[in-house]
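Shown next as structure tokens: one chain only, the form predicted alone.
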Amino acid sequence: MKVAVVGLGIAGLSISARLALAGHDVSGFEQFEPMHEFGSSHGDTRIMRLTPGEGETYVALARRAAGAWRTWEGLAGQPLIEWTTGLMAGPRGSPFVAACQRLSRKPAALLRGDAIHPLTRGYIAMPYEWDVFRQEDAGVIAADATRAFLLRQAPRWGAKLHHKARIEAPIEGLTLNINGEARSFDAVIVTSGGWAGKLLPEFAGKLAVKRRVVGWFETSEPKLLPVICADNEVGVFGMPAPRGFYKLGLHAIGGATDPDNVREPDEADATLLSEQAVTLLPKHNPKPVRMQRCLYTVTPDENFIIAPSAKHERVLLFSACSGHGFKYAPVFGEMAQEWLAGVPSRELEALMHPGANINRLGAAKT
């Protein structure tokens, strides 16, 4: 089958690679250069959790992805995930923390917030009244290294990747206008993140594009620390990063934005991040050494949205809703193949029919 994949972030690269490996004639199109930093997939690290607190469907996806991550690491010739453990935290009674505990294969007792300071030798501190669940199956993904690997691997499997390729909006069928030239396909999969609503306007009302900022913090004696996902008012999340830095972001802070005109990080962003660093990272300098902006593309309930267009059943929107999608990357290609074959897995069925099998909880996403 002749397939176009529009958008080569982590979802588009995974889908292009897997469909090409399955024997499809795949052409992937990206409006920017390879390894660009304008979307949602760039950066040194992302959080990996095999027990996401977002519900059973996401736990099943994460555990499906685990084996495929090992395959990708073998093909890449390098580790792509570093397992660090994780601290799932929030105010007492947090439904997110309770879900992480309930969904874990090896549930353990909740910790109190004041236990974290001695547990991490003083590097991480949390409020006394918080609940904390310590996850063994958490770590960090080398995000840019994964993208670079797929940019090499997808063509080896036969995918044709085209950068600086502008697709005329809106997409209304199987003929795309690419840099002024019309090309027809048997299926079109739109994985363009923040630009999806422009390419498929029928979904624009279900996709909110938001600006987020992350910052890197340094300490005089770097240690490999656990990842943090906190169900607090700002949705703070954190992870170890290269060179001994620790990276913090705020899942719930940042307004709507135009993906073609995103404001760069500023002092206001630094202040918001520093407020969290002062509390959470007592041995780190609370001033970020650098910051980076990224895009979140989210639905009202923050579930993924995988849906065929009403204008053509062979045009598919595949949005892994930036903020918690990277960890499932190897499964995206498998799910696209299921859709093409008309044989959906339980996970794909759940995500194509929102609410059917998803246990949704409001919490930090990473």
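This one's a predicted model, so the numbers in the text were calculated from it and none came from an experiment. Note that residue numbering begins at 1 and tracks the sequence as displayed.
In what follows, reference is made to the form predicted together with a small molecule, a form of this protein that is not presented.
- Among 246, 237, 133, 96, the residue placing a heavy atom within 4.5 Å of the small molecule in the predicted bound form is 237.
- Proximity to the small molecule in the predicted bound form, defined as a heavy atom within 4.5 Å, holds among 321, 340, 66, 60 only for 321.
- The shortest heavy atom separation between residue 193 and the small molecule in the predicted bound form is within 4.5 Å.
- The small molecule in the predicted bound form comes within 4.5 Å of a heavy atom belonging to residue 6.
- Using a 4.5 Å cutoff between non-hydrogen atoms, residue 212 counts as a contact of the small molecule in the predicted bound form.
- The closest non-hydrogen atom of residue 199 lies within 4.5 Å of the small molecule in the predicted bound form.
- Shown alone, this chain has one stretch from 290 to 298, 269 to 277, 85 to 93, 119 to 127 that lies within 4.5 Å of the small molecule in the predicted bound form by heavy atoms: 290 to 298.
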